[in-house]
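Below you will find one chain, with nothing else, as structure tokens; this is the form predicted on its own, and questions on how it binds or moves follow later.
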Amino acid sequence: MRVAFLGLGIMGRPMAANLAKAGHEVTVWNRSPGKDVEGARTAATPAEAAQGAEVVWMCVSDTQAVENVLFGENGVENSLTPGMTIVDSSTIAPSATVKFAERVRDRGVHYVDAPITGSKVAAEGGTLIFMIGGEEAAIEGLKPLFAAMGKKICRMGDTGKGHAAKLAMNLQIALIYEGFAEGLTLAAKLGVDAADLISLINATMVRSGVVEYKAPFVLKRDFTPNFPLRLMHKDIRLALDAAKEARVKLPGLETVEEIYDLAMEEGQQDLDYAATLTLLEKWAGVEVKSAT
């Protein structure tokens, strides 16, 4: 298939690379130059990348970035043709997704929201999970592309429902990790070895995929960004905004947002979101570590 892939960040670049490796004809664009993809052609603008494409796939930072890529100067809108499909693997406001979809449908273009869950490792290995909103017929036509980048697709409903599910997922990840980090900090202050506590957690109903994935990085004090804190902070705010629109109260997430606000003030925005642990350690006057 002829694919324009827009956005070559931590997740987007390996996703585009996997499409090229699978034999698709890929043209890439990134806001900051210098991020080429082997086997793909590089375009100067989103409009240029989208020319002649069957599918335009986006993976950019936020709602404003998606709007700019689609409808800004030299945006995709200038290259839309009937029958084209736009896919958005960014994490943005569900209500904005619905508006963007309505705007391009007037041009005979399909719109699918397909945010992802996984990690940088999953993006590189082609084992992402996609949560999808959109028409079943459009999704069916995209299956070869999903297969090149991921291991599972979950249709959540009509357009916008993929992004709604993504916000609900990241809400839980943020809360689960915060509980894990607070548990580690309290245990450290009370003299319990971190590795021993993690072993106990993983043997009980407290275990989770979040803990299993993050624990090795925490023990190594490795806060290299697999998912930057600034992006989790953005997703927390998106979830709170969506909750406000839907008249839903999220008191736990409101508290976690305060921690992320402080982490951003501490200059941790480009570290992994697991770095919020260091704030708890600072306040407690202790460092989470293992004797082994």
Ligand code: NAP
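Numbers for residues come from their place in the sequence shown, where the first is 1. Predicted model only: the values in this text are computed from it and were never measured.
The same protein also has a form predicted in complex with the named molecule, omitted here; what follows describes it.
When you look in the model of the complex, the only residue of L231, A263, A40, L253 with a non-hydrogen atom within 4.5 Å of the named molecule is L231. Figure note: of the listed segments 144-152, 113-121, 97-105, 72-80, the one touching the named molecule in the model of the complex, with heavy atoms no more than 4.5 Å away, is 113-121. In the model of the complex, at least one heavy atom of S61 sits within 4.5 Å of a heavy atom of the named molecule.
Heavy atoms of N68 reach within 4.5 Å of the named molecule in the model of the complex, making it an interface residue. Residue contact with the named molecule in the model of the complex: V288 places no heavy atom within 4.5 Å of it.
Among residues of the shown chain, M11 is one whose heavy atoms approach the named molecule to within 4.5 Å in the model of the complex. The candidate spot formed by N30, T91 and F227 is fully in contact with the named molecule in the model of the complex: every one of the three has a heavy atom within 4.5 Å.
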